[in-house]
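This document starts with one chain, in the form predicted on its own, laid out as structure tokens.
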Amino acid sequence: MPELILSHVTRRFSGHTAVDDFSLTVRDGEFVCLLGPSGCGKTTTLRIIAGFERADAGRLTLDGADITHAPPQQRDIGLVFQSYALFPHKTVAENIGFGLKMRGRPRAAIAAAVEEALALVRLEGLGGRYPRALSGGQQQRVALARALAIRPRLLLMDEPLSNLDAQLREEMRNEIRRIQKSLGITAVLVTHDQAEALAMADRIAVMAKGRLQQMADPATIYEAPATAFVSGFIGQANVLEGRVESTGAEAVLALPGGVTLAGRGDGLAAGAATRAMVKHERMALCRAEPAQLANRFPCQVAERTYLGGSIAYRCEAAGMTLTALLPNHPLFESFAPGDTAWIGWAATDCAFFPC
């Protein structure tokens, strides 16, 4: 039986629909990320799961039990907030044991659970400290330990890494993933960070305007986006608009000026206004014509942007402005503004979507 099911959930605020007919299944032991831009409804969805917001329509079940109208304290859910929400006047041990104390657990059982939680997040020996004496990463670990100490059926996390610097954020996402898998706990994390979702999730639910756009494993979300929104939101893409000239296993799109592109698109009709999208890192930029690529054009490099591990080239080709992202590596050719070159991409890397 699936662990958590949301069925046609809707939530409105003063005429604004924050969550719109949203359905989602999170399997037992699965790590799911709700991913989307600010204002897409992901945090409201998390708050509905936690019981802090009441759905205007729809149903929620956890382990087969209807929790649609259950108060938060009866849902057996652990929460990790963006701001950590630690009690500043309580020690680390008191913070971690707070939920157990509220549940009336014996003092000895609380002490044992706190020590176990501290070991789980690798903070042994810090139980007597206060939050102000901890680094941001340590505070986040305490918040995670507090949520896990009660051994919840479900762990919810709302942007838990957004207040950390880049290096610590990467370290903590690996730690959260390790802990979640070691416990086998079901987890839902809200984030706007694509890299975070791709690195941590078993499956990603991409949201826009309160609705689910696509739910799939990270590779499918990235390699085979279901909508133009998902394609544009995950990574960066070149976008070209035209009309379908022919359909089939490999469709052809005609752009203004007589340029044609080969790509993949299901359910498109000849003559339909269509958007072609190809990710920056799937573009080839080379001095010799890449004959093996279906889409290839002579171009001039207009701009070069150094990004450390990669270099972005903005190129002008056949009336198109295209960006190619190449690894900063000796095996790849390097270009300067004003250079002539060839830019191209495979038909399989070019997705067509209705405008």
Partner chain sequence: MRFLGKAAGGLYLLLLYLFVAGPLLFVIATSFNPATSFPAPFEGLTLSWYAAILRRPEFLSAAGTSAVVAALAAALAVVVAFLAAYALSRNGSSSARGAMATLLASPLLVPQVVISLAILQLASAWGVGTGFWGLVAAHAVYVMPFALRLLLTGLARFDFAVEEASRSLGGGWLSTWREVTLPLLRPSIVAGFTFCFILSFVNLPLSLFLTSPDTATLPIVMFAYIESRIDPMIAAVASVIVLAAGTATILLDRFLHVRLVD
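What you are looking at is a predicted structure, and each value in this text was computed from that prediction instead of being measured. Positions refer to the first chain, counted from 1.
Keep in mind that the form predicted together with the partner chain is not shown, yet the notes after this line are about it.
A.B. asks: Is there a heavy atom of residue 47 no more than 4.5 Å from a heavy atom of the partner chain in the predicted bound form?
C.D. replies: Yes, residue 47 is a contact residue.
A.B. asks: Using a 4.5 angstroms cut-off on non-hydrogen atoms, would residue 86 count as touching the partner chain in the predicted bound form?
C.D. replies: Output for residue 86 is yes: heavy atoms within 4.5 Å of the partner chain.
A.B. asks: With a 4.5 Å heavy atom cut-off, would you call residue 73 a contact of the partner chain in the predicted bound form?
C.D. replies: Result yes; residue 73 sits at the interface with the partner chain in the predicted bound form.
A.B. asks: Even though the partner chain is not shown here, does residue 90 get within 4.5 Å of it in the predicted bound form, heavy atoms only?
C.D. replies: Contact with the partner chain, yes.
A.B. asks: From the list 130, 222, 229, 98, which entry has a heavy atom within 4.5 Å of the partner chain in the predicted bound form?
C.D. replies: Only one listed residue qualifies here, and that residue is 98.
A.B. asks: Tell me, out of 240, 251, 110, 77, which residue has a non-hydrogen atom within 4.5 angstroms of the partner chain in the predicted bound form.
C.D. replies: Of 240, 251, 110, 77, the residue with a heavy atom within 4.5 Å of the partner chain in the predicted bound form is 77.
A.B. asks: Can you check 181-189, 110-118, 199-207, 143-151 and let me know which stretch has heavy atoms within 4.5 Å of the partner chain in the predicted bound form?
C.D. replies: Residues of 143-151 come within 4.5 Å of the partner.
A.B. asks: Considering only 210-246, what residues come within 4.5 Å of the partner chain in the predicted bound form, judged by heavy atoms?
C.D. replies: Read in sequence order, no residue approaches the partner chain (within 4.5 Å, in the predicted bound form).
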